[in-house]
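Only one chain is shown below, in structure tokens, and it's the form predicted alone.
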């Protein structure tokens, strides 16, 4: 039936899936595989390959996106933290994550750290893993340290599944995700070089769907949909080419992306769903897959406000991304209370001012429902870029 759908019809169908916070695709997979496990993956740099190698289903956990009221979580977590943490906890407390056997949290910020502890207390039946990333990326021991962390995760997954995870399992998973990331990059290449053929709103829906499906299914979906995008008959418009920065963890409302694009912007690059383009190169397939994953994180992964300095500074990579994308301006689009993004904004805006690159900034939250103010700001920004360019 799906083969008969137009691209636009597919987008509408996929959106109904990602908007359903009851995780229907995950529940269906669990019914079909009652003896297998589901692992929730909190952003940003979570290693999806590990649970996949154990025969489990890794699922992206990005909060509720404003689809539920916070009735229970505020009694267990501060009300002045980011929406993604509060609504993720609400999903758990309202049993929407009851089919999840484990959850991965990462050392990206204090809120993620605290959420992992709160989760352990409130959901003792679920395995909770807190992943420690290396802090000194230039230290020669960093790959070895992170490899040991990945090995700990593998050992715990083996206990959970009752199955030995072999090097061959890990290599097969790395190969499978390499292919998926390659296809995701193809999607972004279309968005950058011919943005009139694919909006960020549409690309996001396609990529977000991949966080809810087995990776093999998502890759097959991308292989079918990419040629369909190339065949679209759409006229290029005189829009400003912009880049979104600061949305690497909590995701902005889909309506916000539409507002930005409707205001006259082509979003040619962004840091949304960073895991789908996490590595700059394919992860090498060698005799030590865990070390390969560790070295790829340290030497081949994209920068963000929650990844410590490594082979290149964030400022340098930020400017390279602007240059390669032929970006006219930058939109700093950060969640409320996201300290890493808001702190980085100060550093990165100074770089833009040094290079006379236009920018504007605004914050968002999951429950955001009024976008008129931002629409007016973006329209003014677009006019200023066009006038002074």
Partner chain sequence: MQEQKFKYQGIGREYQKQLLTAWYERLQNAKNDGRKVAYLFVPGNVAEFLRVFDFELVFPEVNALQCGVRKTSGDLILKAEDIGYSSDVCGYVKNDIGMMLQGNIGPSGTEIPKPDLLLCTYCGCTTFIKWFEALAHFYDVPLVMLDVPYMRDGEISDTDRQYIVEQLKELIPLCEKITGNKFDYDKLVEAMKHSAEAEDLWVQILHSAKHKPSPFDSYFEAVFFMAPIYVLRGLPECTDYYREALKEIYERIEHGVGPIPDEKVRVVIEGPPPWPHFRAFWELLKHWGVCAVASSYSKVGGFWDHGFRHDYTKPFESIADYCLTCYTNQNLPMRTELLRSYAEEYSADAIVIHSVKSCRSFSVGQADMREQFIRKWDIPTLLVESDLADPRYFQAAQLKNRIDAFFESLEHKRLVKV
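Numbering follows the first chain given and starts at 1. All values derive from a computational prediction rather than experimental measurement.
The same protein also exists as the form predicted together with its partner chain; that form is not shown, yet it is the one meant from here on.
**Student:** For the chain shown here without its partner, which stretch in 76-84, 188-196, 261-269, 167-175 has non-hydrogen atoms within 4.5 angstroms of its partner chain in the predicted complex?
**Tutor:** Flagged stretch: 76-84.
**Student:** Looking at 308, 163, 234, 98 here, can you tell me which has any non-hydrogen atom within 4.5 angstroms of its partner chain in the predicted complex?
**Tutor:** The residue from 308, 163, 234, 98 that makes the contact is 308.
**Student:** Of the options 290, 108, 256, 209, which one has a non-hydrogen atom that comes within 4.5 Å of its partner chain in the predicted complex?
**Tutor:** The residue in contact is 108.
**Student:** Considering non-hydrogen atoms and a 4.5 Å limit, does its partner chain approach residue 337 in the predicted complex?
**Tutor:** Close contact exists here: in the predicted complex, residue 337 approaches its partner chain to within 4.5 Å, heavy atoms only.
**Student:** Whether residue 118 contacts its partner chain in the predicted complex should be assessed with a 4.5 Å heavy atom distance threshold; does it?
**Tutor:** Residue 118: contacts its partner chain in the predicted complex.
**Student:** So, in the predicted complex, is residue 104 in contact with its partner chain at a 4.5 angstroms heavy atom limit?
**Tutor:** So residue 104 does not count as contacting its partner chain.
**Student:** Can you tell me whether residue 142 touches its partner chain? I mean in the predicted complex, with a 4.5 angstroms heavy atom cut-off.
**Tutor:** Contact check for residue 142: yes, within 4.5 Å of its partner chain in the predicted complex.
**Student:** Would you check whether its partner chain, in the predicted complex, lies within 4.5 angstroms of a non-hydrogen atom from each of 45, 218 and 225?
**Tutor:** No, the candidate spot makes no contact with its partner chain.
**Student:** Even though the chain is shown alone, can you say which residues of 120-155 have a heavy atom within 4.5 Å of its partner chain in the predicted complex?
**Tutor:** Stretch hits, in order: 120, 121, 122, 130, 132, 133, 134, 135, 136, 138, 139, 140, 141, 142, 144, 145, 148, 149, 152.
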